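Shown next as structure tokens: one chain only, the form predicted alone.
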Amino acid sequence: MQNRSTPEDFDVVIVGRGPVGAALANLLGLCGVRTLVLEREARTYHLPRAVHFDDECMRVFQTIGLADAILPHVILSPGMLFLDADGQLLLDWSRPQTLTPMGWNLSYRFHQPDLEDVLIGGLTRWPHVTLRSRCDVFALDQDETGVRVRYEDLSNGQLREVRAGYVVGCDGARSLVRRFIGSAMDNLGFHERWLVIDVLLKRDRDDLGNYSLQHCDPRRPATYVRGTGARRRWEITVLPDEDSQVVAQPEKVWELLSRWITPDDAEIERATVYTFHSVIARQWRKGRLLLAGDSAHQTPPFLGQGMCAGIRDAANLAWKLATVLRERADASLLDTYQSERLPHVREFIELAIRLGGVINTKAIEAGLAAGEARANAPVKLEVKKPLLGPGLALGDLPLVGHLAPQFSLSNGNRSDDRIGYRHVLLVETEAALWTHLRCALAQVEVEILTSDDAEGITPWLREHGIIAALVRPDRYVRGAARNDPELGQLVAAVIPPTHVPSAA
């Protein structure tokens, strides 16, 4: 029985057990951080929500050792097509079916309950990570030494409390943690009601296709998404004069679906009206309280980047929390979390809004400007991942804020599996490093990867005119060096200056 006078003590408490909270808990587990996850609900929400993630997310799942367990639950997406009211192709956003430089495919479709089950199951591997369901957090009180977290155990009505070094709110759009931080939300201007309909096919309907389709019909914009197995989704605009409850009734739902399917083809699993928002919290950290995922930002779904953004938050934040908790960095390191992630997620949200303009045909020119015009062909959309915002950038060194590729090792394995969730220095040969430097890097758990380990490293370094690159645990380049003095800058970023030998 818990002694009320001496609350349990954790390094990090995560509020919320969704994909972002579970991914963050797995990453912290990997770092050896004592973590408690508190979740209000008893079990995983059984209906679909997010349906897409990308190669960068899969790379995070690889990092936490769960990619192989997730693969049986996903299908590859060929991409998305934007059609006008007559069914003519406006915008082609096809995705390559080959592996990207991340080492995975660009686009995966999934059923969120399946993914959550794998992520939550993964927590059992870490004896220092605890999950408590049916626990409703109601108060957070922080001081110089930590946070007092008070919650109700809904299974028996008892009030409990724990102490934490830090609290991360992964508790969604109505975040309690955000309220305790006191953060307002910046409104990026997109707020629309859409009817989301998930169905289970009773029979094959291959004619519906594997592409996601955006029907850019000014009368009633709509989206079709192929899900895993027999799952299919339609998202249909709710008109201003329509009642949300009325439009979600079965009779009206089948009327809206009638151009594609009938009750003979499928059964409705869910039909609910959502308001798609575009907002970003102004403050992601207040002392020992932080935000991640939907508690920090919400995006229209047209890019499929909502959950992806939250997974990136987790990958950015976990290693920084671990570094601070190990007293290898000052707590100000945590300020780089928002400064890096907010500009990145804002760029994705703004592009999603522009694509929403195409779908609604109200701002089609602005939307098409996101793509590349081609003579006598539909506009081809290529989405480049944004760079990190300013944070741990090392001056004006090359490649700062870019994602580093994943290399194939000489033994056939992927380089991330060798590196783990830590820094790595990419160099052509270890001969380029002084012996003292190699020892110093080893002391602070910085991996060194050379062309002897992966032959792709040398061409990549030479392509960018550099002799070395320092890559962070979240796979973003912290800085690259064109010469020995710049290599010294990279080293100084991760090991104490007294350990850095001067260049000979």
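A residue's number is simply how far along the shown sequence it sits, counting from 1. What you see is a predicted model, and the numbers here were worked out from it, not measured in a lab.
Only in words, not in the display: the form predicted in complex with a small molecule, which the text now covers.
Of the residues 60, 466, 51, 31, which one places a heavy atom within 4.5 Å of the small molecule in the predicted bound form? So the residue touching the small molecule in the predicted bound form, by this definition, is 51.
Quick check on this chain: which one of 135, 349, 129, 427 has a heavy atom within 4.5 Å of the small molecule in the predicted bound form? Checked against the cut-off, the match is 135.
279 to 287, 166 to 174, 397 to 405, 384 to 392: which one contacts the small molecule in the predicted bound form at 4.5 Å, heavy atom to heavy atom? Heavy-atom contact with the partner occurs in 166 to 174.
Residue-level contact is defined here as any heavy atom of the residue lying within 4.5 Å of the small molecule in the predicted bound form; does residue 353 satisfy this criterion? No, residue 353 is distant from the partner.
Residue-level contact is defined here as any heavy atom of the residue lying within 4.5 Å of the small molecule in the predicted bound form; does residue 470 satisfy this criterion? Answer no; every heavy atom of residue 470 is more than 4.5 Å from the small molecule in the predicted bound form.
Looking at the partner-bound form in the predicted bound form, is residue 233 within 4.5 Å of the small molecule by any heavy atom? Yes, residue 233 is a contact residue.
If we define contact as a non-hydrogen atom of the residue within 4.5 angstroms of the partner, is residue 474 a contact of the small molecule in the predicted bound form? No, no contact at 4.5 Å.
Given the small molecule in the predicted bound form, answer whether the residues 419, 479 and 488 all have a heavy atom inside 4.5 Å of it. No, the candidate spot makes no contact with the small molecule.
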